[in-house]
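What follows is one chain in structure tokens, specifically the form predicted on its own.
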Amino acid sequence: MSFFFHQRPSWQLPESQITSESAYFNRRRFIKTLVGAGIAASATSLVGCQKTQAQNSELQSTYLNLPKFDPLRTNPNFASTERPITDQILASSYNNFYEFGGNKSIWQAAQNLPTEDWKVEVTGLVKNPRTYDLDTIKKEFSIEERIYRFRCVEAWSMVLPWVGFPMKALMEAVEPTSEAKFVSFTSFYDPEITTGPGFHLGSLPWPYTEGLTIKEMANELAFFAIGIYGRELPKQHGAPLRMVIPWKYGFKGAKSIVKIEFLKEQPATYWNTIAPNEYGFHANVNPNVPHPRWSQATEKFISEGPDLTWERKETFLYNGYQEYVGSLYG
């Protein structure tokens, strides 16, 4: 496949300073404490639980030992950031996935997600509607690794090495019509499977839906992930297909997508429906616009260190990707 090179932005580090693949899989320390901030419509504080070393070993060997993408090339335009890649065990043990529970430690419950024979319907205002399975996606789209910053609306962040393909490649395949102005993404939902124990959300607007403008989906950064850390995507990360929109808050990254629909009108989306005053449709990372209940000026960066602690960092406008997306909102 071909890549387009541009001058390295000031926030990028040389590729030599990126955590190596072997570091992803050779952790000997374990998580100490991870505490989640509150989220709208949840009366329960989101507190990540402590993991024992045995639990993390089980997580690593059983649920993260997934097939590798080989060969796999990292897109040189997105090969590094100014922050280190978050440790794999940390990233895979601290996840929001409300279909499976209301805290960050849902990785075990998420293993109930049925991913066999997965189908993704692409429909709506397109010339070539399609239904894809995962094998077809791997064959028809050029798969690559991209290292992106991830910023949660709860004011914590990570750096993650996603594997997948640009959204604009799917758009080129299905050819949206001139009437298509928005895109809706629908996640898997089965109330017999996906309602986490002790966290029944009842009449909230399931299934989870998200949306983008057609111009946002066509942006160079917009990405569909089918893997992470060089391997297939674990279920707690939203297997087998999820959105990755690095200039927006993380809730815009719908997991376990089963339907993509091109529309004329702006679609209703999950968090924007629940609390529109707190979670906007666009949801761009902006340090100058606080959440109604906390500041967004800084964030707690999850990486690794002697005590695996949070490191306070300044929040970047558009999560540091202004050069790519600033013109969308000018």
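None of these values were measured; they are calculated from a predicted model. Start at 1 and count along the sequence shown; that's the residue number.
The discussion below concerns the form predicted together with a small molecule, not included here.
**Student:** Spell it out for me: taking the small molecule in the model of the complex, does every residue among 164, 223 and 324 have a heavy atom no farther than 4.5 Å from it?
**Tutor:** Checked in the model of the complex: no contact with the small molecule for any of the three.
**Student:** Of 118, 141, 156, 148, which one comes within 4.5 Å of the small molecule in the model of the complex, counting heavy atoms only?
**Tutor:** Answer to the contact question: 156.
**Student:** Considering the small molecule in the model of the complex, which of 75, 80, 96, 219 comes within 4.5 Å of it through any heavy atom?
**Tutor:** Answer to the contact question: 96.
**Student:** Would you point out which of 253 to 261, 131 to 139, 168 to 176, 80 to 88 contains residues with a non-hydrogen atom within 4.5 Å of the small molecule in the model of the complex?
**Tutor:** The contacting stretch here is 253 to 261.
**Student:** Considering only heavy atoms, tell me if residue 208 and the small molecule come within 4.5 Å of each other in the model of the complex.
**Tutor:** Contact check for residue 208: yes, within 4.5 Å of the small molecule in the model of the complex.
**Student:** Heavy atom to heavy atom, is residue 103 within 4.5 Å of the small molecule in the model of the complex?
**Tutor:** No, residue 103 sits far enough from the small molecule in the model of the complex that none of its heavy atoms falls within 4.5 Å.
**Student:** Evaluate residue 122 for contact with the small molecule in the model of the complex, applying a 4.5 angstroms cut-off between non-hydrogen atoms, and reply yes or no.
**Tutor:** Contact check for residue 122: no, nothing within 4.5 Å of the small molecule in the model of the complex.
**Student:** Even though the partner isn't displayed, in the model of the complex is residue 242 close enough to the small molecule, meaning a heavy atom within 4.5 Å?
**Tutor:** Within the cut-off, so yes.
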